[in-house]
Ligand code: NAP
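Shown here is one chain on its own, the form predicted on its own, set out as structure tokens.
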């Protein structure tokens, strides 16, 4: 299938990695659903940028933790453009905590988005992909799920480690129907989420510290991850599945190497 025949859904597509990915997939020729849960203005801005460039896009609100909302979103996209052929599971919730500061409710919400969200969206698109005998699913994990030494992210890391396992298991289930399932594990990326709540001086210190831990000597940009996602989502990537592609600039502070 050519890119012009693709129908893509990018969850959390209004900002950061999701925004960069939605713009890139649209540039390649895909029709793109820009999903959002709260920031409709950001999603609308992405849609406006895509359509101004001659592409096809729509913004659809749906909390990926809500299975009914996800199903309704996929049905709406299918009614507009046909069955979804590309699913980018980018929506995620972050947060730091130690054993001393662990909050059960907060972690439950994190897991509901980071893990259950991927289950909901995958189940919603798999029927259409199976009928076509074609599909590309790319999950956005994190190097935290592999195990970095950065303190305070144990519970976030646990949710992202589950993304890695689900990627491999879903690839096993869906592979015989022509559907690939892969993951991208970003390193530290310059986004609203990573910059949020940090002053200019604090951010500069964090950026310097983490850049020094990377072989490339810099932190990542959303486009770095979007490029990797687009590679795995491409029609030509049909014999790549069950893989986690680490895109981290060569980070050197892992607890252990996978």
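Residue numbers count along the first chain shown, from 1. Remember, predicted model here, so these are calculated numbers, not experimental data.
Below: the form predicted together with the named molecule, not depicted.
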Residue among 140, 84, 124, 179 with a heavy atom within 4.5 Å of the named molecule in the predicted complex: 140
Please tell me whether the candidate spot formed by 14, 90 and 187 is one where all three residues come within 4.5 Å of the named molecule in the predicted complex (heavy atoms). yes
If contact means any heavy atom within 4.5 Å, which of 156 to 164, 76 to 84, 169 to 177, 96 to 104 contacts the named molecule in the predicted complex? 156 to 164
Contact label in the predicted complex: residue 44 to the named molecule, heavy atom within 4.5 Å: no
Is the gap between residue 39 and the named molecule in the predicted complex 4.5 Å or less for some heavy atom pair? yes
Closest heavy atom of residue 194 to the named molecule in the predicted complex, within 4.5 Å or not? yes
I'd like to check something about residue 109: if you look in the predicted complex, is any of its heavy atoms closer than or equal to 4.5 Å to a heavy atom of the named molecule? yes
